[in-house]
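Okay, so here's just one chain, in structure tokens, the form predicted alone.
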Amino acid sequence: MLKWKDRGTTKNLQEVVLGRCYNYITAQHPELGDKDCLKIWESLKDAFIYKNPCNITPEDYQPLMELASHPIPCNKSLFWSKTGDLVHRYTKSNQNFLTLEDTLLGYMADRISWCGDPSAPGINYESCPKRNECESNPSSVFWKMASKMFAEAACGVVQVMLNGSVEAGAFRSSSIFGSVEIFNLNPDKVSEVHIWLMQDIGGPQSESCSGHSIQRLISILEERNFKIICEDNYRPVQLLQCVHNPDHTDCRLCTNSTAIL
């Protein structure tokens, strides 16, 4: 067995993937009931089993992408970078938006890991390669392809939630959003890009819509002919942040309201 620096394949991977697939197509999205979860699992397994985990190609995942893909309604696509926890709390409370992790592909693969090995049993449960050990590892190739497909499917108004409290800047060209998703949005299908720049309640306020990295993002999008709206601390999302900080001044509904006793 080859040795790597990241955690190994998730225990009971087959049961986890099948369980999530059946839950998604029966309980959550019965309209996708004709999806074949067994075939989907087999195509995922075939993509990596017995293979060197540094030699995975997009072609390995092509059958899986085709089996698991489904239409994304217009105006619902929500992209994100460095806001994972907040964005998923938001899509749980507001069914009008979908992140990649709310699609069948993303839902099945979220927070699990997998990789193969040329020696029996063909799956490495001890360790898997990190991205800095090799770029073409099973996880990186999967998420890049799934992200590309998610971006290509977007239509109408699309949203992106970014983190205005990270020091390095809210928009990074090296992120999946910055390197894959924005370049696969189709200007003929997407009418507008709404940027929601969220800062942590109580700061730090590292960047606003007028900040350096956001301006870089806006110019990339303008070059690709998108109309852009950027909003600092989009209120519906901020109210969700306030659930954990209800007494903070940012969370007061009316800044100078007086309590009626």
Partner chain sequence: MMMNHFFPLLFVSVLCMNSFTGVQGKKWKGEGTTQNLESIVIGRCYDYIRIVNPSVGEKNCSQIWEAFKNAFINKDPCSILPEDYELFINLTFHTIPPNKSLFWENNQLLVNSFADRGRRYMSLGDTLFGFVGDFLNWCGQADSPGLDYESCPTTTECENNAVESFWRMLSIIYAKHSSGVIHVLLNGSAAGGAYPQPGFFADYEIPNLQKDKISQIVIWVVDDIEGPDIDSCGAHSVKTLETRLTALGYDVTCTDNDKSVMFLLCLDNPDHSKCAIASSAPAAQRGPISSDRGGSWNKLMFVSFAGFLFRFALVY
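Fair warning: this is a prediction, and the values are worked out from it, not measured in the lab. Numbering follows the first chain given and starts at 1.
FYI, the form predicted in complex with its partner chain isn't displayed, but the following is about it.
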- prompt: Of S119, S179, S93, N186, which one comes within 4.5 Å of its partner chain in the predicted bound form, counting heavy atoms only?
  reply: S93
message: Considering non-hydrogen atoms and a 4.5 Å limit, which listed residue (K144, K130, R89, R172) is close to its partner chain in the predicted bound form?
response: R89
- prompt: Would S43 show up as a contact with its partner chain in the predicted bound form if we use heavy atoms at 4.5 Å?
  reply: no
Contact label in the predicted bound form: E223 to its partner chain, heavy atom within 4.5 Å: no
message: Can you tell me whether D85 touches its partner chain? I mean in the predicted bound form, with a 4.5 angstroms heavy atom cut-off.
response: yes
- prompt: Wondering, does I112 line up within 4.5 Å of its partner chain in the predicted bound form on heavy atoms?
  reply: yes
- prompt: Does each of K39, K51 and E66 have at least one heavy atom within 4.5 Å of its partner chain in the predicted bound form?
  reply: no
query: Out of 1-19, which residues reach within 4.5 Å of its partner chain in the predicted bound form, heavy atoms considered?
result: T10, K11, N12, E15, V16, G19
